[in-house]
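Single chain ahead, by itself, as structure tokens, in the form predicted alone.
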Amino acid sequence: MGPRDRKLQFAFVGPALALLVLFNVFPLLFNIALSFTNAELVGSEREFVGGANYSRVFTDPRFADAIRRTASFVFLAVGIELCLGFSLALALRREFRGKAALLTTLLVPMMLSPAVIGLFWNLILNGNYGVLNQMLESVGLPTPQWLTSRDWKFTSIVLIDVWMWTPFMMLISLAGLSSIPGSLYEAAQIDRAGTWTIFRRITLPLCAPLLGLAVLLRATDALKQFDLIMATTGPNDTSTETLSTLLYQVVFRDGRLAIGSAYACLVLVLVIAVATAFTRYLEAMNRRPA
């Protein structure tokens, strides 16, 4: 490769690398540096304080509560989305009239903005004039205060997220089901294998890598959940306080920029740890002999 080719390569790659450093690497390094200072959002000069901010974070009971609440949200939301999405994919895997229109309709929630969805569900779940409570009242069922009762707020957030992202799981599951050769099912039918045996020995193992990828993408995104909570219950509600909303409170309500930077670094480490664990699991599945 000559000097001219190297210059041409750099001309193509250089702008992308410059943008990557400008909008990703530099803010990350700056945030890490801030986490070791006493910086405030407004006012005082910055001084180096070492790991004092991280000590405050780990001794803050709100941090432990936010981790537990975030973990519960990820486990419930992603788990329900996986089960419902895969079940819908199994039901829609065969061709039938109107399939394209039905798939398009089912994919609409995934394409909407979370802020718009939050406002939309505010109208549905409103305890006084919401559509859901009117339907429940018409059949004689209790009408909970979905977005104002402490017992129902977290459940409402999970249900809205499930409604929004189940189509994503369904789409990935459909891709996995479509990649399975039909000859495997024909051979299983010739061997008179039962429906459960075919599902357990063929369908599920061959779809598992794509399902694992879908869970990885959704779990890392759910760990950062903020916009949906912001649009429904607000960032200051303790019953729906996740790591991201706690970070918002620390920085923009309390003005503690340095401690907020420490929170952000810990959230980043948590997301990287989850992503690494799932990636290792997917790699182990790919290396497993058929």
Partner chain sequence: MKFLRWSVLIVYTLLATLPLLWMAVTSIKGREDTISQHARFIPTADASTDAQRHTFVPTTASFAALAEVHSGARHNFWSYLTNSVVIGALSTVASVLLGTLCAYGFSRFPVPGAKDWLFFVLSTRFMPPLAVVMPVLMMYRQLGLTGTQTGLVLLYTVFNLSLSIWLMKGFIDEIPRAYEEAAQIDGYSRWDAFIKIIVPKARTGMAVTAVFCLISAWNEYGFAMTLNSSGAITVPAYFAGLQGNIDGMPWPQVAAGGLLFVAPIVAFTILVRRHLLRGMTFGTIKQ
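Since this is a predicted model, take the numbers as computed values, not measurements. Positions refer to the first chain, counted from 1.
From this point on, the text means the form predicted in complex with the partner chain, which you will not see here.
The partner is absent here; in the predicted bound form, the one residue of Ser138, Gln189, Thr197, Ser113 having a heavy atom within 4.5 Å of the partner chain is Ser113. For the residues Leu84, Leu159, Ala71, Ala193, the 4.5 Å heavy atom test against the partner chain in the predicted bound form is passed only by Leu84. Against the partner chain in the predicted bound form, the set Val57, Trp146 and Ala208 makes no contact: no member has a heavy atom within 4.5 Å. Proximity of Leu41 to the partner chain in the predicted bound form falls within the 4.5 Å heavy atom cutoff.
The partner chain is not drawn, but in the predicted bound form it has a heavy atom within 4.5 Å of Asn31. Residue contact with the partner chain in the predicted bound form: Gly51 places no heavy atom within 4.5 Å of it. Within this chain, Val251 lines the site of the partner chain in the predicted bound form, having a heavy atom no more than 4.5 Å away. Considering the partner chain in the predicted bound form, the lone stretch of 72-80, 180-188, 166-174, 199-207 in range is 166-174 [heavy atom distance within 4.5 Å]. If you take 103-127 and check each residue for a heavy atom within 4.5 Å of the partner chain in the predicted bound form, you get Thr104, Thr105, Leu106, Leu107, Val108, Pro109, Met110, Met111, Leu112, Ser113, Ala115, Val116, Ile117, Leu119, Phe120, Trp121, Asn122, Leu123, Ile124, Asn126, in sequence order. Distance between the C-alpha atoms of Pro15 and Ala275: shorter by at least 3 Å in the predicted bound form than in the displayed form.
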